[in-house]
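Shown below, as structure tokens, is a lone chain in the form predicted on its own; questions about how it binds or moves come after it.
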């Protein structure tokens, strides 16, 4: 199929960016979205042009690096998938596809579609862990955990830190990401020792990087590729109140 791409091009965070139009022919519906961008870049290189910079690593929906704003939605029109899992079969011949980087003060553009997500790394450093001695894994039944709590902790723990929640939120809030990191520990006995320090440090760091506040519109849950639930934000708020 033949498509038209409107892609945001920006040399670096200091320069002003703009949309550039590319006509691309012979796109296979079996391609993933990133494979389509690879195809475009091969064409640009052959023509002596500058390839479009975009982020990716595993291309299996695990690492969270590939997120793009596609036709006004994080990761495109299909729910519950990352950009690398998005198939070109969801588009039609002759479609115009608009591709942008994440839009957030806390995610400054590095080049084109690549943004700096160091802020998420700093959030993890601030409190997204438990302090334990490394070594062999303990016996699974040495600390009993209610199955319901274990299941909810696991559901929160599958967050891949892609930033889709930030991109979807009109306030560029990171509350869904932070609440997932809070929940995966708050629901387990291993996380209760440092619970107060963790939530205070995460919320403070989130504010320092300029993420906005949550206004409960639910866009973050709707666009999360791992379908992290909004209820985690309520748990974050409860944990934060208990910490003071």
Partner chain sequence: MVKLDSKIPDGPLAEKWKKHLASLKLVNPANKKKLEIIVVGAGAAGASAAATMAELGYNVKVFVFQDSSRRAHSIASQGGINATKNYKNDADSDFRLFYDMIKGGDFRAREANVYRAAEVSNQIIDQYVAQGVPFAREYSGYLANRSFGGVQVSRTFYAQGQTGQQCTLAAYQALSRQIKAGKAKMFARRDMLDLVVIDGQARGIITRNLITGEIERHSAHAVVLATGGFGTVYYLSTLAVNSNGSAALAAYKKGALMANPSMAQIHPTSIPVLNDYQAKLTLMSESLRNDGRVWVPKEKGDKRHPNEIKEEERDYYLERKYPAFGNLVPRDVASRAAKERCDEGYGVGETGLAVNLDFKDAIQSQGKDAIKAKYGTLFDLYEKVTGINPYEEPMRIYPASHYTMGGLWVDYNLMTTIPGLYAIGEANFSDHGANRLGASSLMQCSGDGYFILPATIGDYLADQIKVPKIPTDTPEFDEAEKAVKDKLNRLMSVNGTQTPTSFHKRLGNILWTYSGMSRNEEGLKKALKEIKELKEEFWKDVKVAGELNELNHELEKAARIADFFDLANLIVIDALNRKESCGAHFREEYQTDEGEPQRDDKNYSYVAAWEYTGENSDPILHKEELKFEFVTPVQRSYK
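Numbering follows the first chain given and starts at 1. Everything numeric in this text was worked out from a predicted model, so none of it was measured.
If you look for the form predicted together with its partner chain, you will not find it shown, but the lines that follow are about it.
The three marked residues, 125, 134 and 157, each reach its partner chain in the model of the complex, with a heavy atom inside 4.5 Å. Interface membership of residue 76, defined by any non-hydrogen atom within 4.5 Å of its partner chain in the model of the complex, is ruled out. Although the partner is absent here, residue 229 is not a contact residue: none of its heavy atoms lies within 4.5 angstroms of its partner chain in the model of the complex.
For residue 193, no non-hydrogen atom is located within 4.5 Å of its partner chain in the model of the complex, even though that partner is not displayed.
Taking the partner from elsewhere, residue 65 is found to have a heavy atom lying within 4.5 Å of its partner chain in the model of the complex. In the model of the complex, 11 is the single residue of 1 to 15 with at least one heavy atom within 4.5 Å of its partner chain.
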